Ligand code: FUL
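The form predicted on its own is given below as one chain in structure tokens.
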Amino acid sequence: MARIQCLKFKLFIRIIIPLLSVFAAAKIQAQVKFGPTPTKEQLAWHDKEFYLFMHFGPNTFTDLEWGHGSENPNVFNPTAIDCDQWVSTAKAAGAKGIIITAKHHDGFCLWPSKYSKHTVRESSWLNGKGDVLKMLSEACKKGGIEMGVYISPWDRNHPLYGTPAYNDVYINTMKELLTNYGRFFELWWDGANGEGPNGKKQQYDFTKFKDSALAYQPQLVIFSDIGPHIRWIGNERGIINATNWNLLDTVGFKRGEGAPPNDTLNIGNFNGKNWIGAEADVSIRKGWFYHQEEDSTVKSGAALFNLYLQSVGHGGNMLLNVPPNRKGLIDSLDVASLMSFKKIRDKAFKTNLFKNAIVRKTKTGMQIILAHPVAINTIQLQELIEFGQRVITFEIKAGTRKNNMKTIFTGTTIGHKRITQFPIQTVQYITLNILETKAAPLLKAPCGYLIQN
């Protein structure tokens, strides 16, 4: 442990370094939880960091982004669907799960729901006997990858949409998914709320939706503008602000219209009352559904890595949409980009330059001493967020001599993971100074890298 003086009050900082005991393991008050903290399910979600979104449905075949709900179910006809290919691609890319659009705004269900007449059952695909959710759940189980579901509350097809009875219809569709297709890690709610076939909008009972979903699968983490467990970041570009609090106030706000301002969703609330982490959703293509005309818009592996640094590297998670094509396969262009992204990540974080470093306490943080000077441009920091998010501001100084170090980075929040980058420096001594905190900071071992193009 290192006892440090900071901002006129005493703090304690604990550095957790695997296989290396730097400070005594005394029990101190720093390990008491401070403020809102994540549940064990939220902690597991934070550790996933990167997983895939898959928009798939009639829009894939009509070249729309928002279907009208009046499309002929026969338009849905993937000729060579292979969910094993989805899973193997996701695993090869290092993604920890797949979230599928089980029902988008058009109301078309990728499973034969008893509560809709706009489903795979009404299509000619596999003679009406197909079930994408069953295929994917079996493939995920076999491939050892987790699965989540997106179920749009908006339904542009269902005749009861816009009436109180529809809320029960929606709950029943959730029950079908949450009780028949295995364990899911995430439930994704879109905030869209437009008119149904009768010209009316629905008054969603999200409290009842939440309680019902958690009754079926208590381990779920639920995403929406205001959680309850994960929040939208206010944009679909995949970029989280460098200042990112996992805290959010939700009283007085609603999902969709009535949500907090986008900049609040992106940054969080400094003194928010609820632990609600940030999930950065972004598509590998221009649109969310596959359209052949957008093949030229597939983001490169380098572009995806840059988004990773601005999402996972800013303390959130990266949800990357990779839509299956009309055959029912992840397109070869998308696969190539994902493999490039994985190769770049592996290369970037292969060698931790701090692996054998000496770590010493200082009056304001910790000092890292390397055996010899090295070139470096990236330092990764992590808080033990199970005890709360604490660090407000910090700085990193470095140099080749103890008495001649300069500031190479100043930052705000750390949270689950902060990947700091700066021009390449040749250094042997690195000092992390915690400048301002809410409570005694608790940090995992820092890592250092030289990331080159």
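On a predicted model such as this, the values are computed, not experimentally measured, just so you know. Residue numbers here begin at 1 and follow the sequence given.
One more form of this protein exists, namely the form predicted together with the named molecule; it is left out here, but the text below deals with it.
Legend entry - Proximity to the named molecule in the predicted complex, single hit among 55, 397, 417, 46 (heavy atom within 4.5 Å): By the 4.5 Å criterion, the partner-contacting residue is 55.
Legend entry - Contacting member of 281, 176, 82, 205, with respect to the named molecule in the predicted complex [4.5 Å, heavy atom]: None of the other options qualify; the answer is 281.
Legend entry - the named molecule contact at residue 161 in the predicted complex, heavy atom, 4.5 Å: Result no; residue 161 lies far from the named molecule in the predicted complex.
Legend entry - Partner contact for residue 118 in the predicted complex: the named molecule, 4.5 angstroms, heavy atom: No.
Legend entry - Contact test in the predicted complex: residue 190 vs the named molecule, heavy atoms, 4.5 Å: Contact with the named molecule, yes.
Inset, instruction - Look up in the predicted complex whether residue 295 has a non-hydrogen atom within 4.5 angstroms of the named molecule, and give yes or no. - result: Heavy-atom contact with the named molecule at 4.5 Å: absent for residue 295.
Legend entry - Segment assignment from 208-216, 330-338, 119-127, 102-110: heavy atom within 4.5 Å of the named molecule in the predicted complex: Going through the listed ranges, the match is 102-110.
Legend entry - Partner contacts in the predicted complex for 235-261 (non-hydrogen atom within 4.5 angstroms of the named molecule): Heavy-atom contacts to the named molecule in the predicted complex: only 236.
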